[in-house]
Each structure stands twice: as C-alpha cells, then as structure tokens.
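Shown below, as structure tokens, is a lone chain in the form predicted alone; questions about how it binds or moves come after it.
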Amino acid sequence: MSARLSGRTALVTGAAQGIGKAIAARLAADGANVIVSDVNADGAKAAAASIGSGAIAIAADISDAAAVSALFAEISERFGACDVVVNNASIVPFIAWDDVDLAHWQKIIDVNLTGTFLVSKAATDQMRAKGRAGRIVSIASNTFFAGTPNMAAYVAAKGGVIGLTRAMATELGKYGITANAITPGLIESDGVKDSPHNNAFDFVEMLQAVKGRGQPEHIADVVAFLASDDARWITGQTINVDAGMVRY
C-alpha cells in the first residue's frame, strides 16, 4: 500500500478475524509493526502469521484490567509504546429487549465500552510517558444512530464509545494524541455471516445510497487514514462508514 506508518507500532484488538484482521493487515501493509490482540489466542497467532510483515500476536481479554495491564507491559518491553491503537474488540449480540437481563447488559458493557476505556487509558498513559503523539481509533457502530432492534446493550455501549472518544480528544489533544471513532454499517465479516444479522443485508442495502455489501476492508481503509499523519488535524470526530445508510 504505502510506507506512511513505517516505524510505528499499532495495536489492533479483536483482530483474530473479520474487521479487526482486515485493519491489522492494512496497517501492516502501510508499514506499521502490528500487534494482533484477541481473547482467542490461537486465532490471534493464526491472523498474525497470515498477515506477515513482522506482525505478532498477544492474547488478551480487554474486559479484564489485569489482562490489559499485562498486554501493555509486554508492549512496553518490546516496543516502548504504541503509536496507534485501534479499539475493535466487541461482542455483537442479537437479543430482543424482553430477553435483556442484567447479566447480558453487563457482559456487553464490560467488553464493548469498559474494554475500550481500559485499553485507551493504558495506551495513552504509555504514549505520554514515552512522548509519543499517538492515534486512538475506536470502532463504534451506526446502530447508535439507527437504534437497531435486538441490540439494546450494544447500541448503548457503542454510544458510550462515541462519548468517550470525544472526551479523550478534549483531554489528550495537548499531548498531540488524537481520538476518533468510526461507525460501520452492516459489514460482511466472519462474525456477521455466522449470526442472524446475516439475514439483514438485503434490507440494509435498500437503505444505502451506494449499493452493495460492506466489507471489512472498507473500514480498514478509513482506519489507515485516521492512523496516519494525513489525519493529524482531525480529532474528536465520528466518521460514519455505511454507504450512506444513515445520513446526518
């Protein structure tokens, strides 16, 4: 692709498959030293091996504060700090409102929102300690705008990611650290294809301005831009990437 991320270290969470793997591959193609992280250790190793370009795997459960601390301790030892962090790890449920209980709510919030906080906090602490002007890119969802059914806890968590992104941008800009979010639409990823969401493509495409099915690479392209110096004057923003399904 290019060498615009040459010499930089990029962490992508939830990168064993789907959107995360596509993001990791794109950042590696742009020259970054990529860390593939996922709760699925074997999947992370396989993804790193398939990406090549020196990509490494570090398994971590981002909802576990101790696991996140261990992840960044290893990053510190190997690379000093990250220059780019992509908060992609997520659980995408399909559960009706009447079936949502506190246990489900807490699990979704723990991974999708608290995990994003834990990773972002550890990353930005490390960036500032090492004097690095870093990039935080968090994957939210256009379900926040659409209020998509059967996803109440997910919609709430992703709305929280957007709010957290704005707050981080405000507080971290003075250190040269930017924070932005991306809201994908329905993407033909591994996880979606194995879920009831796979049946929604025809309906979603009907609502899109540009026709077709969203692919993981569509999201990876935008992440690569936000991770680069080309986006150095952009922070606190939410970029909707859904072929114009939601227009606001």
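Don't overthink the numbering: it's just position in the shown sequence, from 1. What you see is a predicted model; the values in this text were computed from it and never measured.
What comes next is about the form predicted together with a small molecule, which is not displayed.
Peer 1: Considering only heavy atoms, tell me if S189 and the small molecule come within 4.5 Å of each other in the predicted complex.
Peer 2: Close contact exists here: in the predicted complex, S189 approaches the small molecule to within 4.5 Å, heavy atoms only.
Peer 1: Residue-level contact is defined here as any heavy atom of the residue lying within 4.5 Å of the small molecule in the predicted complex; does K158 satisfy this criterion?
Peer 2: Answer yes; at least one heavy atom of K158 falls within 4.5 Å of the small molecule in the predicted complex.
Peer 1: Can you tell me whether T165 touches the small molecule? I mean in the predicted complex, with a 4.5 angstroms heavy atom cut-off.
Peer 2: Contact check for T165: no, nothing within 4.5 Å of the small molecule in the predicted complex.
Peer 1: Residue-level contact is defined here as any heavy atom of the residue lying within 4.5 Å of the small molecule in the predicted complex; does S50 satisfy this criterion?
Peer 2: Output for S50 is no: heavy atoms all beyond 4.5 Å of the small molecule.
Peer 1: Which of these residues, S228, Q17, T235, T9, gets a heavy atom within 4.5 Å of the small molecule in the predicted complex?
Peer 2: Only one option qualifies, and that one is Q17.
Peer 1: Name the single residue among A133, A73, I95, V92 that comes within 4.5 Å of the small molecule in the predicted complex, judging by heavy atoms.
Peer 2: Filtering the options by heavy-atom distance leaves V92.
Peer 1: Taking the partner as it appears in the predicted complex, which of 167-175, 97-105, 84-92, 123-131 has residues with heavy atoms within 4.5 Å of the small molecule?
Peer 2: This holds for exactly one stretch, 84-92.
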